[in-house]
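A lone chain, given as structure tokens: the form predicted on its own.
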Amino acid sequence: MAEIGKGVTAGKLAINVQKRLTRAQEKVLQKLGKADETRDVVFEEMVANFNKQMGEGTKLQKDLKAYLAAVKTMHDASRRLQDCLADMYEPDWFGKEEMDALAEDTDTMWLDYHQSITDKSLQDMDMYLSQFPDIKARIAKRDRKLVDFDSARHHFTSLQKGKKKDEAKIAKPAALLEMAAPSWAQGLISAHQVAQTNLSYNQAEEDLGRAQKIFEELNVELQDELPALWDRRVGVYVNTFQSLAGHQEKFHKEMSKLSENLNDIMTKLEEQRQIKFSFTDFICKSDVNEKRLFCFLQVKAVHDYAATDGDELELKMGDVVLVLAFDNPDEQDDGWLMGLKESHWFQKKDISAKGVFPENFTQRV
């Protein structure tokens, strides 16, 4: 309740209290069936649609916020995973710089995705829902003014009936006061009664007109706004989910490229691991007498390669090469492998004919 001294005088406070009491009395009489209630079925349907629309929008806003919270959680988890990989990734491993750049790009991608949804989908929904509180307040005010109108209408009707009865009484001096009063005073008493009745009647009529005007102004405004608001909901939902779908498509498409890059780096790292390991772990192992060779990596030449040095292996397209380990891993240059032609091994059982060859002239078998 408003406090006196904060823009509310005692008179205004009393008027507000009286209005609340009158409305409460009117609602009780309507519920008891002792007073008729003005009903507008079409408007009530509009209000039901408004409440449904506000509920759906509020739920969508809540779910969008939950989705954004999940995106942030996924972003945090992705960042921790990338940090873990970066901490474990040794400087001499293949693609160290590419791995660091990929982690940074992934983090940026998550940030952009979260911000895009916030700026477009969520903020648009917040703006859409911001109009509902004002309309809801005006609907409540319209309902109060309708009760005021019904109360004023019932009061005016009761005065109309009372006025007819008073006029009938005035026509015959029934009151003891009139009968006891001198003849010259009886006319004054009758005139006073008529004046009092007319004053109350006129006041009630003015109150009714004022209540009706206030109610109808609110009612007309809401009857224009509520159907228009109801029709706009479809466009809001379409824009929200189209925007969300567009951001999702862009995010997953670009994230897929980063995932492919990560997979390529891991594949190259595994190839590096298989090639650059110690003599006891090389790809092809021979027994003590070098009569048997156990190989786990074979490549096939896809281009001819003419040896330009004595330690190089000459290749013809289609040659199958058994990949060997370097006696000294430090002597291995990037992009070069040590190997022995499979045909030579089968014929000679001798690994002395091994040589280096460019890896990009071959492919795995």
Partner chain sequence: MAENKMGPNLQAGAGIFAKRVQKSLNRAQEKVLQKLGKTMETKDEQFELCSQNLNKQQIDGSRLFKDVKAYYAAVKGMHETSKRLSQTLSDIYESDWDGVKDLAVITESEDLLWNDYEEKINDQLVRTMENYTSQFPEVKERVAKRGRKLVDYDSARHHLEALQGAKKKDEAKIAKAEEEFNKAQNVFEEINNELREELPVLHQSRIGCYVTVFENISNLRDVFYKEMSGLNRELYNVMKKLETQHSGKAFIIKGLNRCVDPGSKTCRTPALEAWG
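Just so you know, these numbers come straight off a predicted model, no measurement behind them. Numbering follows the first chain given and starts at 1.
One more form of this protein, predicted in complex with its partner chain, exists but is not displayed; see below.
- Shown without its partner, this chain lists Leu269, Met109, Leu159, Leu122 as candidates; in the predicted complex, only Leu269 has a non-hydrogen atom within 4.5 angstroms of its partner chain.
- Proximity to its partner chain in the predicted complex, defined as a heavy atom within 4.5 Å, singles out one entry of Met317, Ala48, Ala307, Ala70, which is Ala70.
- Using a 4.5 angstroms threshold between heavy atoms, Met127 counts as touching its partner chain in the predicted complex.
- For the chain shown alone, Lys59 is a contact residue for its partner chain in the predicted complex, at least one non-hydrogen atom being within 4.5 angstroms.
- Not displayed here, its partner chain is approached by Val234 to within 4.5 Å at the level of heavy atoms in the predicted complex.
- Contact between Trp230 and its partner chain in the predicted complex is found at the 4.5 Å heavy atom cutoff.
- The three residues Ala77, Asp87 and Val220 all sit with a heavy atom within 4.5 Å of its partner chain in the predicted complex.
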